Every structure is written in C-alpha cells, then in structure tokens.
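Look below for two forms of one protein chain, each set out as structure tokens: first structure 1, then structure 2.
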Structure 1
C-alpha cells in the first residue's frame, strides 16, 4: 500500500461528502465524532504517524490556537466546515504559512429558511400554543397573532445569509431594511439604514447575522433592546456573545418584546448528552434551538464538499482560492513537470531572492503565479523537470532556507 500524500483529522461529525475529495487526492482520513480541547487536539495530531503533511477539519467546537500551531509544525492547512472562523487564530496561521479554508456559502439557504420559519412561528405564537396543548390546555384565540405580510424585518449584517433572508422575506410580502458597517447593494426592494438605532426603531422583527468580533460582542444589550419597537421580536443565529441574554430575558418577561428565537448562546455544550444551561430556559416567549441554523443534510453535504475540495486543491496544486487568511492564488494544472509552492513574508526583495535561487539552479521555468496580502505572499513556480528529479528537491530546499520563507512544498 502506497504512503498517503497527507493526513487529515476530521472532527465533530463532518459529513461523509468530504471524504471523496480526500480519497481522490490520496489523503488518509482520521475521524472523530466530537470536538477536542487544545491539549487533546495537539495529542491527536501528534499521534498521526509519518512525516506527510497534516490537515485538520473542524466545526465550531474545536479551537485551533497559536499553541496548537506551534506544537504541530506538520500542520499545513485548516478546514473550517462552517461559516465562522473565529475559533481559529487566523493571524497565527498566516504568520506560520498555514492556510485556512471555510464554507461561506454552503449553509446560507438552511439558515435563512430557519429564520423565515421562526419569524412565522413568533408572529403566530405557535410555540407558546403548542406547549399549552402538550399541557392539555386549549388556547384557541387570534389575540396577539399576526400575518407576517406587511411587517418589517430588520436584518443586521447583510452578508450571504442576511441577503438571502432578505429575498425570502420579500417573497412573503415583508418590508426589509438592513444595517451593515460595509456598504452593500440591496437586493429587491430592501433598504439600507444609516444606523443600528434606526433599524431597531423601525422593525417588527430583528434578525442578527454578524460575525463574532470586538465590535459585535454585546451589541444587543439592554439599551439596544429598549430601542426596539414594543412587541417586536429578536432572532439570533449568528454568535452567542452578540446578545446580552440576561437583558433579553428581562425584556421578554416584562412583555416589552413579544418573542425571541435564539440558536446560539454565550456558553454551549460541547456535544450531545451534555447539559444545556441558559437564563432563557423556561421562557415561553423564547424559541430555543441547539445551534442548528446550518444543520440540514443538504447544508452539511455542501459544506463537506466545498471545504474538502479546497483543501485537496491546495494540497495537490498549491491553489489558495477561497482561503480565509492567505492571498488568493489560482493556477491551472501543470502537467509538463513539477510545481513548487512557497508561502513567504511579504517584504521587499523576496521575489528577486527566490528568482536568483531558481536561476542558479539552471532549471527552466514554465510559469509563475504570485499574490500578496498584508504580511504574507504566495508564489507558485512551475518547473520543466519531473518531480523525482533530484534538482527539484534541491531547489525546494534552497528556497525553503531563505529567511523570508514560511512554508515551501514540492508538488
């Protein structure tokens, strides 16, 4: 049996659709159902035998920290099989020449559909009435129930999910407004707001779709909740730290807000079977779901394919299109010889130094592809000699020895 071209450790029940791309690339898959803490992740990666490159695939529960990156120098790539990447030290990975891919598009439809369903459930108080039926109570009344047609949905964060939610909401006859710190082109009849306060005051439903950053943590606190329309509802399928859940519980208990639909929390269990604790438990006005916004078979299959294909493409050809932390370099397959991929510090003179080494080797170059961003650059060099030619290995070693090189591979 031939040695694998690389190993990948897949955690947190990543969909089987990811396996095909790895198998085609000769990557040996190691899988575990749960997330791992920092120490356990280091041990798991270190236990994989051989010297072939390592990759790791995670979702939201596993964190790849700078300590992990330092402890596992064989780690070449990280796949976030989800939208968010705040569980990964992006700058730390970039500084060490480790590429990070995620899936910014694959589960957008699933999250948007869940939000539409919950908007309707909130408007009709379905969960409250369902719980009453389970208790043997018959709450047949139109009081407090509304159609969503004609109501205003305020979307905070008009990215991939927010914009798709916008389209679906308009199809139901809703008015859509949105607020984003970046200028975005409105879809359909959606209208941009000049401030978060403007959106909160005008919305019957406020849906949050923002990343976890220093700007968004705690952005919906008691003061912001007080600025929402009386009787409005809040939905959060972004990150748990965005909303002050204590303030939200108070607003729900006092009746200032009609309802809430929450899918993410400041503290979440590591996996099934662990206890879920939240101040929102027991509040009949709140729909609570266990971080399932993107948890559909379709979304997970799409994510598995998207990220695994990106990782396999990087491993095989050095392509970084879709990378979260490195410059975007694309290059057609080169069948006339071999390829060297070099990730380096973005400093003056680095390309000249590499070209001097290549020139001194006497090897004919078929093409180069270069891109830079911030402190790092990615260079692909196609060579007109076979991969098993000793000169190819010597050239790779010589480029790797340059003080500016972070990661150099012979492909």
Structure 2
C-alpha cells in the first residue's frame, strides 16, 4: 500500500461527507467521536506515525492553542467543521504558517428556510393556537390570521442569508424590501430601502440578518420597534444583541407587534440541557427556538464537504481560498511539472530573496501566484521540472531555509 500524502485527525464526530475529499487526495483519516483537551490533542497528533503532513478537523469543543501549534510542528492545516473559529488561535496559526479553514456559509439555506416557516406560523398564530390545543382549548377563528401572499417582508442585512430568504419569500408571493449598509444587487423583484426607518414603516414582517457589530448591537431598540407597523412581526435569527428583548417583550405584551420569532439571545446557555432564561419566556406571541437556525443534517453535510475540499485543495495544490487566517491565493492546476508552496513573513525584500533562490537554481518558472495580508504572504511557484527531479527538492529546501519562510512544501 502506498504511503498517505497526509494524515487528518477528525474529532467530534465530523460528518461522513468529509471523507470523500480526503480519500480522493490520498489522506489517511483518523476519526474520533469526541473532542480532546490540549494535552490529549498533542498526544493524539504526535502519535500519528511517519513524516507526512498532519491536519486536524475539529468543531467547537476542541481548542487548538499556541501550545498545540508549538508541540506539533508537523501540523499544516486546521479545519473548523463549524462556523465559529474562537476555539483556534488564529494569529498563532498564521504566525506559524498553519492555515485555518471554516465553513461560514454552509447553513445559509437552513436559516432562510426556518424564517419562511416561521413567517407563515406567525401569520397564522399557529404556535399560540397549538399551545391552546395542548391545554384543551379550541381557538378556531380567522380573526388576525393572514396569508403571506402579497405581504411585505423587510430584510435587514442582505448578505448570504438575507438574499436567500428574499428569493424564497418572493416564491411565496411576498413583496421583498431590504436594507443593507452596503450597496447590494436586489434579487428578483426585491427593492432596496434607503434607510432602516423606511423599511420598518413599510414591512409586515421584519427579519434581521446582520452580523454582530458595534453598529448592529441594539439596532432594534424601543424606538425602532415603535417605528414598525402596528400588527407587524419581528424575526431575529442573527445575533442576540441586535434586539433589545425587554423592549420587544413590551411591544408584544401591549399588542403593538403581532408576534416574534427569536432564535438568538443576548445570553445563551453554554451547552445542551442547561437552563434557558429570557424575558421572552412565557410570552405566547413569541416563537422561541434554541439557536437552531443553521442546525440541520444538510448543513452538517455541507460543512463536512466544504471544509474537507478546502483542506484537500490546500494539501494538493497550495490554494488558500476561503482561509480564515491567511491571504487567499488561487492557482489553476499545473500539469507541466511541480509546484512549490511557500508561506512567509511579509517583510520588505522577501520576494526578491525567494526569486534569487529560484533564478539561481536555473529551473524554468511557469507561473507565480502571490497573495499577502499584513504580516504574512502566500506564494505558489510552478516549475517546469517533474516533482521527482532532485533539483525540485533542493529548491524547496533552499527556500525553506530563508529566515522569512514559515512553511515550504513541494507539491
């Protein structure tokens, strides 16, 4: 059996959809169901035999600290098979030339679909009536129930989720308006609003899809809720601090707003099974969900595919498109010889030093691809000699020896 091109340690039950890309790239997969603490992670990585590059795939429980990075110099890449990357020392990885990939948009569709479902549930007061049925009450009435066809959905934040929701809502016959701080191309018949106030005054449903920034925190306070149409509904599956939940509770209790669907909260329990406290608890007009907007089997499968393809692409071709902590360099496949990938400290003179070494080797260069950001640069050099030519190994070693080089691989 030929030796693997690399090893990947997959922790925390990463979806099987990740395996295909690794198998295609000749990467040996070592999978575990649980996360590992710092010490156990170091031991697990260090116990993988051979000298082929190592990669690790984690979700939120395993932390890749500077200590792990120092203890495992064979580690070349980290896959965060989730959205967040707080569990990884991104700067520590960057300074050591270790690339980090995550999957920020794999669950976009899942969130948009939940919003559609909830808009209809709110329009028909389904949760309120369901709760009444559970209590043994028969609340059969058309009063206050509406079709969503022809109603106006106001989307705040027209990014990945907001724009996907726009398309789905139009398919239901809704009018879509949106507000974004960046000039965005309206999809379908959607219309951009010049201000948040304009959107709030014109919407039957307001759905928030902005990131958590100093501008968006508290963006929907008492004053903004008061600007919404009487009887309108608010949906928030973005970030908890975007909405003032005390003001929302008051608007719901007073009947100014007809309903709300809330998936994210200013304070969320840390883990499964912990108790959930919110001023919105007990408010029958509010649909409350435990931050599950993006939590579907499909999103998990997408994440598995997306991150493993990025890791395999980096391993095979040195491309860093989608990297969270390194400049993003892309390069078409090069079949006419071999390729050197070099991650370096971005200091004056670094490129000329590398080019001196390359030109001194006398090897013909077919192409160079470079991307830099602040302290670090990623360079791909395509050479017109085969990978097994000893001059290729010599050139790799000479580039790796430059004091500015962090990682240099022959591909």
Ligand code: NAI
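Numbering follows the first chain given and starts at 1. Please read all numbers here as calculations on a predicted model, not as lab measurements.
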I need to confirm something. Of structure 1 and structure 2, which is the form predicted in complex with this ligand?
2
When the C-alphas stop fitting one rigid part best and start fitting the other, that is the hinge; which of 106, 325, 249, 265 is there, between structures 1 and 2?
106
Can you work out the angle, in degrees, by which the smaller rigid part turns relative to the larger one between structures 1 and 2?
25
